[in-house]
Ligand code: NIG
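Single chain ahead, written as structure tokens, the form predicted alone.
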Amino acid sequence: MALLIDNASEILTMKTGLHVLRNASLFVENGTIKHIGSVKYTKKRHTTINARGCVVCPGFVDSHTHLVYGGSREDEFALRVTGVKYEKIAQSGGGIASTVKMTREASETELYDTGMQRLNRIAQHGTTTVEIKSGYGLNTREEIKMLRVIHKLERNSHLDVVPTFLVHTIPQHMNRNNYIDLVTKEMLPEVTRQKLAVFCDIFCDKIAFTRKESKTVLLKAKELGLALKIHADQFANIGAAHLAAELKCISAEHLECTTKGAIKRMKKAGVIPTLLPGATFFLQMKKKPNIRAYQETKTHVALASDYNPGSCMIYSMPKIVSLACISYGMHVEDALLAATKYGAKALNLYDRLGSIEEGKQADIVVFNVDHYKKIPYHFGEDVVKYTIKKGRVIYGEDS
């Protein structure tokens, strides 16, 4: 199976910086990028996409989502826009706890069906690889249920799906120490025994787990062979980013309250900071990540959607790129790199994803614009023309 993407106005390789090739073509065979540049003709049978007037980019890598869940939380949204804080809603039994209740009530079939519908929608917006976290079960049976659903989506979706076991919050009416014991002595061993996750993540913040509790969980996960992620410093700086550096997590995510010193430590440790402007926007947070500190320290970041029912119902990665530019003040070039190359690095997948290079997997988006700066500029318009996964068109005129 061969595909020629012909005569694109721009191809963004993302190999060294953005790296724009103008009026260039791309030849794909058997799901792999074979040639980039001038492709005049080929004797092999192939499908041709006329990309004149279009921008070609690596497929978006959404490295932080909570895409599998039951129910919805529109009532909380209505409360927040009247000024009620997210923390207050959570403390009164809403927030994560309400989604836990609805997810527990949903069957595996229901969670799978809604999950597949969401995967199909995100593919229409150029996402070709997505991480999905558990974390709405809060006991062994329900967390395993969620991870089984994610694993089934991984098997059956066109997209690459990366499963993460998330230690999200403490269940109502349960002692903190008892829950940490449950996670480390029962949940993590069962998750790894069934090989249901690649990563372990934990919410380390003032409304969730302490730095000490997070370290205990992550060290056990590492011992059992899982790679590490951490929800860090979203609502307060309690040293979560420093912990990410200490444990050499693959990524630290949110980081609204992270200091420049912690950013330097993460860079030295090889941690990929992952910023989530959709959540900051959706929650109307005044505190935002220190973009200048990342720029001054030459620290590359990833961008992800944080798509979830409570704090970000935005699953479109082009809109996340737009929000990073508008709300955080990121440069367009940095935001596009963050949603592709560094998203792949945040999932340990850059060896095969995240850039357009010969020999890499042909995960590609064709945008119906003639200049890459128009991708975030067209915030209110869907500009994805084709989404291509492993050389196959999964969204667009030929899908």
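As the structure is a prediction and not an experimental result, all values here were calculated from the model. All residue numbers are counted from 1 along the displayed sequence.
Omitted from view is the form predicted together with ligand NIG, to which the following refers.
In the predicted complex, ligand NIG sits beyond 4.5 Å of every heavy atom of residue 165. Proximity of residue 282 to ligand NIG in the predicted complex: non-hydrogen atoms within 4.5 Å are absent; the residue sits far from the partner. Though the partner is left out of this view, residue 310 does reach within 4.5 Å of ligand NIG in the predicted complex, counting heavy atoms only. Although the partner is absent here, residue 306 lies within 4.5 Å of ligand NIG in the predicted complex, judged by heavy atoms.
Proximity to ligand NIG in the predicted complex, defined as a heavy atom within 4.5 Å, holds among 125, 73, 319, 267 only for 73.
Proximity to ligand NIG in the predicted complex, defined as a heavy atom within 4.5 Å, holds among 294, 203, 199, 315 only for 203.
For the marked spot (229, 301 and 342), a heavy atom within 4.5 Å of ligand NIG in the predicted complex is absent from each of the three residues. Comment: 230-238 is the region of 214-222, 230-238, 139-147, 109-117 lying near ligand NIG in the predicted complex, near meaning a non-hydrogen atom within 4.5 Å. Shown without its partner, the chain has 254 as the single residue in segment 242-267 with a non-hydrogen atom within 4.5 angstroms of ligand NIG in the predicted complex.
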